[in-house]
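Taking the form predicted alone, here's one chain by itself in structure tokens.
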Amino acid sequence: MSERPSLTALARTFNQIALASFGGGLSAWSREILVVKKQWMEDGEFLSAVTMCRILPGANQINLAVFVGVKFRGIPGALAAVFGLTLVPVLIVLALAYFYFQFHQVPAVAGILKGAAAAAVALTLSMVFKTGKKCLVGLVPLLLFLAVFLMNGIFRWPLLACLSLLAPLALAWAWPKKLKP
């Protein structure tokens, strides 16, 4: 992208991400909009940003909004992106919470929530397959992915413990090697 987006464009884009991914799947929609549609980032940069945003304290998508906002417009860009990501969803959640507590005993409400959860899982899996094809090339990245999946996803080890064990291995593998003359 040759021109950097305006503050309004940042707010609108992150609002679009938030509203399109209602019920989950924010990472999948973020990738779809930031990488595919807007082309503000490439897959590699997006994956690096999302990885950093997940290991830093705070909400992953808020961190990503700050990252993208700062990249293009500094602190005002970060504020615009976070504002776009949060304002309308907060208003919607407040309205939905009111209606949920009024009608939570209705069986159809539970069915709707289960359907939304299934859609969110499908979106997340879709992102895993799309990005996995590009970054899980070779035996070492695949083994690192499987190790994290087993440790955190199956055995439920804390993320910090998984990172403490596997991050040094990943860094050692990825560290640039000296070129021989």
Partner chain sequence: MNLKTLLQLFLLFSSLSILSIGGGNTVLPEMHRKTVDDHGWLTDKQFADVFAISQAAPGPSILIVTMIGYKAAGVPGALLATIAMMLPAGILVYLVSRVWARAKDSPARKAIEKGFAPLTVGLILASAWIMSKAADQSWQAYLLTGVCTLIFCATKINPLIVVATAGVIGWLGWL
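Rigid core: the largest C-alpha set superposing within 1.5 Å between the two forms. Residue numbers count along the first chain shown, from 1. Keep in mind that this is a model prediction, so the values were computed, not measured.
Omitted from view is the form predicted together with its partner chain, to which the following refers.
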Contact flag, S21 vs its partner chain in the predicted complex, heavy atom cut 4.5 Å: yes
is_contact(A9, its partner chain) in the predicted complex, heavy atom dist at most 4.5 Å: no
V35: touches its partner chain in the predicted complex, heavy atom cutoff 4.5 angstroms: no
Contact label in the predicted complex: L85 to its partner chain, heavy atom within 4.5 Å: yes
Contact set, 129 to 145 vs its partner chain in the predicted complex - heavy atom within 4.5 angstroms: F129, K130, T131, G132, C135, L136, P141, L144, F145
Core-superposed C-alpha of A97 shifting 2 Å or more between the shown form and the other one: yes
